[in-house]
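Encoded as C-alpha cells, the following chain is the form predicted alone, with no partner shown.
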Amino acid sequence: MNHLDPQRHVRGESQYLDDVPVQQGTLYAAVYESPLAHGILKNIDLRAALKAPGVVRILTAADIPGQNQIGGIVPDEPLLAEGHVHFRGQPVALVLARTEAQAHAALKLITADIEPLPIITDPRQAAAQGELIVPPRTFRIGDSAGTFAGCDYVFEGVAESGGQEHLYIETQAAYAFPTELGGVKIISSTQGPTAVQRHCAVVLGMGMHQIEVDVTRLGGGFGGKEDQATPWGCLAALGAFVVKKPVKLVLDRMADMRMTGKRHPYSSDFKIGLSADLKILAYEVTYYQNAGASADLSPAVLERTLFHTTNAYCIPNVTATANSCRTNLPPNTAFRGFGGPQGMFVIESAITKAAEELGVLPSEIQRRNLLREGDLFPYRQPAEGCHAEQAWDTAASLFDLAGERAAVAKFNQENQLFKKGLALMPICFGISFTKTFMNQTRALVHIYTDGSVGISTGAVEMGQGVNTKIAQVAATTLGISINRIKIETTNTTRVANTSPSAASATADLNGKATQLACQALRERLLRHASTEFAVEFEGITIENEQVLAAGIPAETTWEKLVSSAFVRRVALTENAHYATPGVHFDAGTESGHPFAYHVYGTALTTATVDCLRGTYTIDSVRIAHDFGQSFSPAIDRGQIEGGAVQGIGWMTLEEVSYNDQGRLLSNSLNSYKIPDLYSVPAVLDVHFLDTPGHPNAILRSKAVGEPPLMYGIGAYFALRDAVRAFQPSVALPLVAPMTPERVLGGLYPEFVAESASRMLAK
C-alpha cells in the first residue's frame, strides 16, 4: 500500500491553508517584532502606521479581552509583549490591513521605545545566574559517584550539539473567521489543534466550545508546529474577534526563521567509567539546555533527554542532571526526536572519547554494552522485547562490517589527501508521550448508507502518511476496499481534547481508536446479518466486501448489508476512545514505565573527507531497523530514509547561529544549509529486522516517526574518524554540527589557531 497523497501533491490538487479561497472582507495581518533581544518596553508609537493606506486596526496587549498568556507547561509567554521584551522577534503588535502589502508597509512606520537590558544567549551563563525555566531534574540509578573509584578507566569531557531549523515547506499560518454566536473558527497549520483551541479560548476569554480549529494537512511540521503554531492561531483569532472580520496571517520564510524557535542546542559535561574489559560501569552527565526566552515545551524536551541518556546501552550506575536555561532567544521547541537525539549524542561522545584515549574502536565499547532483555533503564523500566543486539549483529553481518573496515583501511593507506571514516550508531527510542495523560485519543466513524465510510480522528497529516495508515486499519478491520474510505479533516468539534500529532505515537493512538470503532461497527453489522440470515454469529465474516458464512459467500454484499442494517435502524456511527495501557511515571521518584515499547536499530555509516579543502561526502548509510510487523512498508521505509537524512543535516550542515545581541545570523537559505539531493548518501539501504512487533503498536507495526533521525549521529562520528585518519593525534572537540569549517579546523588545527589569533589581534 503506497501513500494516498503524493499524486494529489505533485498535481497541485492538495489543499493547504494558503489555498483556502479568501472570503470577502478578509483582512491581512502582519506582526511587528521586537527589534531588541531584551529590554523594558516603555512605549509603542502607532500614530504613523494607523494613518497608512489600507490599515484598519493595530492591536497590542491592551486589546486582548482575556489573558495575555499562551504558555502551556509554564505560564511565562505573553501573546503580545507587555512591559518587557525577551527576544528579538517577539510579537509586539498586530497590524490588520486590506492587503498583505499594506500590512507589511505599515510595520515600517511603527516605533518602539525600549530600554535595553543585559542579553544572555549562552545556557551556561544563564544557569550561573540562576535563570532556569524549571528546577533541575535528576535521573539516578545505582551509585555512579561511588563506582568511579573502582573503574579501571575514567574519562571526562564536554559535548556540544547545535540547534536545527525545522524548515517545513509551509510556513506558520492561520486563517480565522468570526462565527455567528460570538466565537471564532480557525484554519490552522498546526500539529496540535486542541492546543490552539485551548490557548485561543484563554486569550479571548471564552469557553473552548466557542473555538473551532480545523486542519486539512500540513506542508511539514517536524515538531515546529506542535506548540509554536499557537501564537499565530491566537493572533489571527484575536484579530477576527476584535474587528468581526476574517483575518489571514501567513509568515514569509525569513520571518518564520527569525521569529520561531528551533531544536534546542545543548552544552553538556560527561564523565564515563569503564572496566578493563570495556564494560561501562558508571556514567554521569549534566545537560545545559538552551530553552530560549520562555518555557514552550522545553521542560518536556529536557525530560525526554533524560529518558534517552543511555541510548541503547545498559549502564548500571547513572546520574543524569538536566538544566533548562532561560536565554534571550526565541523559545526553542519540539523537533523530531524531542530531546532524545541530544542525549544520545552525549553518550556516543563519551564512548568515542574513551575509545580514542584507550586506542580501541568505539564499536568495541558499543557492542559490549548493548541492552539485553530485562536490563533496566535509568528510569527503572525494564527492556522488554529488546532487539538491540539483534539489530547490531544483523547490520554487522548483512552489511559486512569486517569487509567495510578493511576497505576503509586500504583506502586510507593508499590515499594521502582523501580519507575515509566509519561509524556505527545503535539506537533505542521509547514510544509514548512521557506525560501519561497525553496517551489517549478518540475516533469517530460513520458508515453511510451506500457503504462508504468517513473517519475523523485527532491525527494531523503532515506528510508522514498517517491518513493512509488509518485508512488501511479501517479497511482491514471492516473487510472493505480502502477506496470506500475518506479521512476527514482534523477538527476540534468532531474529535475533542486530543494530543498533538507528535511523539511518534500518532498512528498508534489514532489507529487503535479507529480500530476499536470499526470493530464495534463490524460486530454490530455481523450480528444484524446473523439475525437477517439465521446464521450463527461466530461463523460470519466480511472479506473483500463479501459477507461469508462459514467461509461460504452469503446472499449479500457489504453495500446490501449496510443498507439492510439502516432499514432495521442499526447504528452506523461509532465513537471510540483509546488510552495506551500500562504506561505510568512518577516524577517524584523519577521512575516508572513511561513507554508503551521501544524501537531498536543500528546504522553503519561511511564518509570520505577531502583533506585539502575540508569538504566531505557521506558515502553510505546502511540500516537494520526494528519495524515490528510493518503493514505500510513503503511509508515506513520513506520515514526511515527521510529521518536519517534530516539527522545527517543536523550533525553536519545545519548550523543555527546567533550573535551576542540575539540576532539570528543564519536567517535565510543563503546562510542556513539543509541537505539537498547531493547531500544524500549514495547508498541508503534499509533492512527490515525480523521482529514480532508489539501489541501496543497498531497491528504490531512499530512507530517510525522519530527513531530514524538518530541514525544521522553516525555521520558525525564517521567524519571524525576520517579526520583522525589524517591527523591521528588531533584533539578534536566534541562539537556538532561537523561543518566543513570544523573539519578543516581538525585537519589543520595549528593553521586555524594561528589564523584566529591574527584575526583577534587585528
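Start at 1 with the first residue shown and count on from there. Note that this is a predicted model, so its numbers are computed, not measured.
What comes next is about the form predicted in complex with a small molecule, which does not appear here.
- prompt: From the list Phe627, Tyr616, Phe433, Tyr379, which entry has a heavy atom within 4.5 Å of the small molecule in the predicted bound form?
  reply: Partner contact (heavy atom, 4.5 Å) among the options: Phe433.
- prompt: So which of Glu226, Asp636, Glu461, Asp296 gets a non-hydrogen atom within 4.5 Å of the small molecule in the predicted bound form?
  reply: Contact check passes for Glu226.
message: Given a 4.5 Å cut-off on heavy atoms, tell me which of 500 to 508, 554 to 562, 286 to 294, 475 to 483 is the interface stretch with the small molecule in the predicted bound form.
response: That would be stretch 500 to 508.
message: So, Val92 and the small molecule: in the predicted bound form, are they within 4.5 Å at any heavy atom pair?
response: Because no heavy atom of Val92 falls inside 4.5 Å of the small molecule in the predicted bound form, the answer is no.
Proximity of Phe338 to the small molecule in the predicted bound form, heavy atoms at 4.5 Å: Flag for Phe338 set to yes.
message: Taking the small molecule as it sits in the predicted bound form, is Arg304 in contact with it (heavy atom to heavy atom, 4.5 Å or less)?
response: Although the small molecule is absent here, Arg304 would touch it in the predicted bound form, with heavy atoms inside 4.5 Å.
- prompt: Applying a 4.5 Å heavy atom distance criterion, does Val250 contact the small molecule in the predicted bound form?
  reply: No, Val250 is distant from the partner.
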